[in-house]
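As a starting point, one isolated chain is supplied in C-alpha coordinates, in the form predicted on its own.
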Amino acid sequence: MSSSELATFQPSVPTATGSARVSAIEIAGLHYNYPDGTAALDGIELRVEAGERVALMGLNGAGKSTLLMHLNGILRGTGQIRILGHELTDATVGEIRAQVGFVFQNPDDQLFSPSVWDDVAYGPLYMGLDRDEIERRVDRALAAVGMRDVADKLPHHLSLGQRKRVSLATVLSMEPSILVLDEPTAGLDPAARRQLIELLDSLPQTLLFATHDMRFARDSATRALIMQAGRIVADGPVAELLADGPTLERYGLELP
(Lines give C-alpha, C1' and ligand atoms only; values in the text may rest on other atoms or scores of the structure.)
Protein backbone atom coordinates (compact mmCIF):
# COMPACT_ATOMS: atom_id res chain seq x y z
CA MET A 1 0.00 0.00 0.00
CA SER A 2 1.55 3.29 -1.05
CA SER A 3 1.72 6.38 1.14
CA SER A 4 -0.68 8.17 -1.21
CA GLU A 5 -3.28 5.42 -0.84
CA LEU A 6 -2.81 5.33 2.93
CA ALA A 7 -3.52 9.03 3.15
CA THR A 8 -7.01 8.53 1.69
CA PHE A 9 -8.00 6.49 4.74
CA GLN A 10 -7.07 9.02 7.39
CA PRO A 11 -10.42 8.98 9.19
CA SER A 12 -12.54 12.07 9.57
CA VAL A 13 -13.40 11.91 13.26
CA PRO A 14 -16.49 13.66 14.61
CA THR A 15 -15.82 15.16 18.03
CA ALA A 16 -17.95 15.82 21.03
CA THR A 17 -18.73 19.41 21.89
CA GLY A 18 -15.89 21.20 23.66
CA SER A 19 -12.17 20.71 23.28
CA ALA A 20 -11.69 17.73 25.65
CA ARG A 21 -10.17 14.67 24.06
CA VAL A 22 -12.71 11.88 23.56
CA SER A 23 -12.02 8.17 23.51
CA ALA A 24 -12.68 6.09 20.41
CA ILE A 25 -14.80 3.60 22.40
CA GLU A 26 -16.29 3.87 25.89
CA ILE A 27 -18.45 1.10 27.36
CA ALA A 28 -20.04 1.18 30.79
CA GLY A 29 -22.15 -1.52 32.44
CA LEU A 30 -22.93 -3.42 29.24
CA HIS A 31 -25.13 -6.47 29.71
CA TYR A 32 -26.64 -8.73 27.07
CA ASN A 33 -28.60 -11.98 27.33
CA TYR A 34 -29.16 -14.49 24.56
CA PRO A 35 -32.82 -15.20 23.69
CA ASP A 36 -32.79 -18.27 25.99
CA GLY A 37 -31.80 -16.05 28.91
CA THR A 38 -28.13 -17.03 29.06
CA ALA A 39 -25.91 -14.10 29.99
CA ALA A 40 -23.53 -13.31 27.12
CA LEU A 41 -22.10 -10.03 28.42
CA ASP A 42 -21.96 -9.41 32.15
CA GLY A 43 -21.18 -5.78 33.00
CA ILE A 44 -18.51 -4.91 30.42
CA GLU A 45 -16.42 -1.83 31.23
CA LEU A 46 -13.98 -0.78 28.51
CA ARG A 47 -12.25 2.31 27.16
CA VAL A 48 -10.24 2.30 23.91
CA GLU A 49 -8.32 5.40 22.91
CA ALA A 50 -7.99 6.66 19.34
CA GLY A 51 -5.21 4.87 17.51
CA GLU A 52 -5.04 1.87 19.85
CA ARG A 53 -4.77 -1.61 18.36
CA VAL A 54 -6.52 -4.03 20.70
CA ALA A 55 -6.66 -7.83 20.54
CA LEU A 56 -9.68 -9.46 22.18
CA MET A 57 -8.93 -13.04 23.21
CA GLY A 58 -10.73 -15.87 24.95
CA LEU A 59 -12.25 -19.29 24.39
CA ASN A 60 -15.29 -19.87 22.19
CA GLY A 61 -18.38 -18.66 24.00
CA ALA A 62 -16.50 -16.06 26.05
CA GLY A 63 -18.53 -13.25 24.46
CA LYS A 64 -15.96 -11.76 22.08
CA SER A 65 -18.11 -11.63 18.94
CA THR A 66 -21.14 -10.55 20.95
CA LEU A 67 -19.19 -7.61 22.35
CA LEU A 68 -17.91 -6.58 18.93
CA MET A 69 -21.42 -6.63 17.45
CA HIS A 70 -22.56 -4.10 20.05
CA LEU A 71 -20.10 -1.47 18.83
CA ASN A 72 -22.18 -0.46 15.82
CA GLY A 73 -25.59 -1.56 17.01
CA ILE A 74 -25.87 -4.96 15.32
CA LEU A 75 -26.79 -6.18 18.80
CA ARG A 76 -28.27 -3.95 21.50
CA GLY A 77 -27.95 -4.74 25.20
CA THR A 78 -28.33 -2.60 28.31
CA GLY A 79 -25.67 -0.18 29.47
CA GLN A 80 -23.92 2.68 27.73
CA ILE A 81 -21.76 2.70 24.61
CA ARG A 82 -20.12 5.87 23.36
CA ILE A 83 -18.30 6.01 20.04
CA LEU A 84 -16.06 9.05 19.51
CA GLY A 85 -17.96 10.81 22.26
CA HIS A 86 -21.43 10.06 20.90
CA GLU A 87 -23.78 7.72 22.73
CA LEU A 88 -25.13 4.81 20.70
CA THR A 89 -28.90 5.27 20.52
CA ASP A 90 -31.69 4.70 18.02
CA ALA A 91 -31.11 8.26 16.81
CA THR A 92 -27.33 7.93 16.35
CA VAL A 93 -26.93 4.34 15.19
CA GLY A 94 -26.75 5.28 11.50
CA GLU A 95 -23.99 7.83 12.06
CA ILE A 96 -22.09 5.45 14.32
CA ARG A 97 -22.26 2.61 11.79
CA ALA A 98 -20.51 4.91 9.32
CA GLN A 99 -17.70 5.37 11.86
CA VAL A 100 -17.34 1.74 13.01
CA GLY A 101 -16.46 -0.59 10.14
CA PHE A 102 -17.32 -4.19 11.06
CA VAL A 103 -15.66 -7.08 9.20
CA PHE A 104 -17.27 -10.47 9.81
CA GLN A 105 -15.25 -13.66 10.31
CA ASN A 106 -16.86 -15.27 7.27
CA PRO A 107 -16.63 -12.95 4.25
CA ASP A 108 -19.61 -14.72 2.69
CA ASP A 109 -21.73 -13.05 5.41
CA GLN A 110 -20.65 -9.68 4.01
CA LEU A 111 -20.45 -10.17 0.24
CA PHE A 112 -23.78 -10.50 -1.58
CA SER A 113 -23.59 -8.45 -4.80
CA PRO A 114 -22.99 -9.67 -8.37
CA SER A 115 -19.54 -8.05 -8.51
CA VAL A 116 -16.75 -6.97 -6.17
CA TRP A 117 -17.26 -3.36 -7.30
CA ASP A 118 -20.93 -3.46 -6.34
CA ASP A 119 -20.16 -4.88 -2.89
CA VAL A 120 -17.58 -2.18 -2.16
CA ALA A 121 -19.92 0.53 -3.49
CA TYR A 122 -22.86 -0.58 -1.36
CA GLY A 123 -21.92 1.37 1.79
CA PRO A 124 -21.18 4.69 0.04
CA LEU A 125 -24.36 4.28 -2.03
CA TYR A 126 -26.37 3.72 1.16
CA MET A 127 -24.78 6.87 2.60
CA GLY A 128 -26.30 8.83 -0.28
CA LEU A 129 -23.03 9.95 -1.83
CA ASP A 130 -22.92 11.12 -5.43
CA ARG A 131 -21.64 8.89 -8.23
CA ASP A 132 -18.23 10.53 -8.53
CA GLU A 133 -17.57 10.21 -4.80
CA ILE A 134 -18.73 6.58 -4.80
CA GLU A 135 -16.37 5.75 -7.66
CA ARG A 136 -13.50 7.52 -5.90
CA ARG A 137 -14.08 5.64 -2.67
CA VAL A 138 -14.45 2.25 -4.35
CA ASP A 139 -11.32 2.69 -6.41
CA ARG A 140 -9.23 3.76 -3.42
CA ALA A 141 -10.59 1.05 -1.13
CA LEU A 142 -9.85 -1.66 -3.71
CA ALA A 143 -6.39 -0.19 -4.31
CA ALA A 144 -5.70 -0.19 -0.57
CA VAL A 145 -6.39 -3.93 -0.28
CA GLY A 146 -4.74 -4.81 -3.61
CA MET A 147 -7.97 -5.90 -5.27
CA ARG A 148 -8.41 -3.41 -8.13
CA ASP A 149 -7.89 -6.14 -10.71
CA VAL A 150 -10.90 -8.18 -9.49
CA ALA A 151 -13.45 -5.34 -9.41
CA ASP A 152 -15.64 -6.98 -12.08
CA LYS A 153 -15.43 -10.53 -10.73
CA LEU A 154 -18.04 -12.46 -8.78
CA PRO A 155 -16.99 -12.33 -5.12
CA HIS A 156 -17.66 -16.02 -4.57
CA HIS A 157 -15.22 -16.96 -7.34
CA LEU A 158 -12.34 -15.54 -5.30
CA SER A 159 -10.14 -17.32 -2.79
CA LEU A 160 -10.84 -16.97 0.93
CA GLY A 161 -7.93 -14.58 1.35
CA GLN A 162 -9.16 -12.44 -1.53
CA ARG A 163 -12.72 -12.41 -0.16
CA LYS A 164 -11.41 -11.28 3.23
CA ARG A 165 -9.59 -8.41 1.53
CA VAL A 166 -12.72 -7.43 -0.37
CA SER A 167 -14.74 -7.56 2.87
CA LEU A 168 -12.28 -5.13 4.38
CA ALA A 169 -12.59 -2.91 1.30
CA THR A 170 -16.38 -2.77 1.81
CA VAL A 171 -15.84 -1.01 5.14
CA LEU A 172 -12.83 1.06 4.05
CA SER A 173 -15.00 2.59 1.32
CA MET A 174 -17.09 4.16 4.10
CA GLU A 175 -13.91 5.75 5.52
CA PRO A 176 -14.57 4.74 9.15
CA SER A 177 -12.55 5.89 12.14
CA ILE A 178 -12.67 2.48 13.86
CA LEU A 179 -12.21 -1.00 12.41
CA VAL A 180 -13.70 -4.01 14.20
CA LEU A 181 -12.76 -7.46 12.92
CA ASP A 182 -13.95 -10.89 14.03
CA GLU A 183 -11.23 -13.56 13.65
CA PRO A 184 -9.58 -11.88 10.64
CA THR A 185 -6.94 -14.59 10.09
CA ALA A 186 -9.25 -17.60 10.55
CA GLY A 187 -8.95 -20.15 7.74
CA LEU A 188 -6.15 -18.40 5.89
CA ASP A 189 -3.08 -20.16 4.57
CA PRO A 190 0.28 -18.76 5.74
CA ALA A 191 0.81 -16.53 2.70
CA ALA A 192 -2.70 -15.04 2.82
CA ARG A 193 -2.42 -14.60 6.58
CA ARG A 194 0.85 -12.71 6.21
CA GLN A 195 -0.62 -10.46 3.49
CA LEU A 196 -3.66 -9.62 5.62
CA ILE A 197 -1.50 -8.82 8.64
CA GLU A 198 0.67 -6.49 6.55
CA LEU A 199 -2.45 -4.77 5.22
CA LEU A 200 -3.98 -4.25 8.66
CA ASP A 201 -0.67 -2.99 10.02
CA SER A 202 -0.62 -0.30 7.32
CA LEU A 203 -4.01 1.18 8.22
CA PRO A 204 -4.33 4.19 10.55
CA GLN A 205 -7.71 3.44 12.13
CA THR A 206 -8.31 2.46 15.73
CA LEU A 207 -8.42 -1.35 15.57
CA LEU A 208 -10.25 -3.87 17.75
CA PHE A 209 -10.20 -7.51 16.73
CA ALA A 210 -11.25 -10.84 18.22
CA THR A 211 -8.77 -13.64 17.61
CA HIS A 212 -7.58 -17.09 18.63
CA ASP A 213 -4.33 -16.42 16.75
CA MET A 214 -1.86 -15.53 19.50
CA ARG A 215 0.96 -14.76 17.08
CA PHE A 216 -1.30 -12.36 15.19
CA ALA A 217 -2.26 -10.68 18.46
CA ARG A 218 1.40 -10.37 19.45
CA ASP A 219 2.44 -8.93 16.10
CA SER A 220 -0.52 -6.64 15.33
CA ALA A 221 -1.85 -5.34 18.68
CA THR A 222 -0.49 -2.94 21.26
CA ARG A 223 -2.96 -4.01 23.94
CA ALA A 224 -4.68 -7.29 24.74
CA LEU A 225 -7.89 -8.19 26.57
CA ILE A 226 -8.99 -11.63 27.72
CA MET A 227 -12.69 -12.44 28.06
CA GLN A 228 -14.31 -15.25 30.01
CA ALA A 229 -18.03 -15.83 30.62
CA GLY A 230 -18.98 -12.42 29.28
CA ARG A 231 -16.47 -10.46 31.35
CA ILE A 232 -13.11 -8.85 30.67
CA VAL A 233 -10.81 -10.70 33.07
CA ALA A 234 -7.40 -9.40 31.95
CA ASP A 235 -6.24 -6.22 30.24
CA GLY A 236 -2.71 -5.02 29.56
CA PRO A 237 0.07 -4.37 27.06
CA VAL A 238 0.08 -7.22 24.57
CA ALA A 239 3.75 -8.12 25.08
CA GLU A 240 3.28 -8.44 28.84
CA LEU A 241 0.00 -10.32 28.76
CA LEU A 242 1.12 -12.81 26.12
CA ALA A 243 4.31 -13.52 28.09
CA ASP A 244 2.28 -14.31 31.23
CA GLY A 245 2.05 -18.09 30.99
CA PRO A 246 0.04 -18.66 34.20
CA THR A 247 -2.62 -16.10 33.18
CA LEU A 248 -2.93 -17.54 29.69
CA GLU A 249 -3.20 -21.06 31.08
CA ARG A 250 -5.84 -19.98 33.61
CA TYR A 251 -8.08 -18.84 30.77
CA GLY A 252 -7.36 -21.71 28.37
CA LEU A 253 -4.95 -19.84 26.08
CA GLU A 254 -1.44 -20.75 24.93
CA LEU A 255 1.79 -18.81 24.63
CA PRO A 256 2.31 -17.55 21.05
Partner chain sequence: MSLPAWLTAERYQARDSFLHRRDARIKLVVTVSAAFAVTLTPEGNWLAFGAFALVVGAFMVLSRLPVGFYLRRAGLALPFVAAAVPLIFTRPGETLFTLPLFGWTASTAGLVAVASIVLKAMLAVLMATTLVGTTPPQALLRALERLRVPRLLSSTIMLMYRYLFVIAEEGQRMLRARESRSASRVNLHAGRSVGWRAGVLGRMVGTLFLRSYERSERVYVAMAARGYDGTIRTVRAEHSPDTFDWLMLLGSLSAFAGIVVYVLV
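All of these numbers come straight from a predicted model, not from anything done at the bench. Numbering follows the first chain given and starts at 1.
The protein also exists as the form predicted in complex with the partner chain; that form is not presented, and the subsequent description refers to it.
Peer 1: Looking in the model of the complex, any heavy atom of residue 158 within 4.5 Å of the partner chain?
Peer 2: Although the partner chain is absent here, residue 158 would stay clear of it in the model of the complex, with no heavy atoms inside 4.5 Å.
Peer 1: Counting only non-hydrogen atoms and a 4.5 angstroms cut-off, does residue 139 reach the partner chain in the model of the complex?
Peer 2: Judged by the heavy-atom cut-off of 4.5 Å, residue 139 is well away from the partner chain in the model of the complex.
Peer 1: Contact between residue 74 and the partner chain in the model of the complex at 4.5 Å, heavy atoms?
Peer 2: Judged by the heavy-atom cut-off of 4.5 Å, residue 74 is in contact with the partner chain in the model of the complex.
Peer 1: Check residue 170 for me: does it contact the partner chain in the model of the complex (non-hydrogen atoms, 4.5 angstroms)?
Peer 2: Contact check for residue 170: yes, within 4.5 Å of the partner chain in the model of the complex.
Peer 1: Given that the partner is absent here, state which listed stretch (49-57, 196-204, 219-227, 65-73) has heavy atoms within 4.5 Å of the partner chain in the model of the complex.
Peer 2: It is the stretch 65-73.
Peer 1: Ok, 152, 108, 135, 87: which has a heavy atom sitting within 4.5 Å of the partner chain in the model of the complex?
Peer 2: Going through each option in turn, the one that passes is 108.
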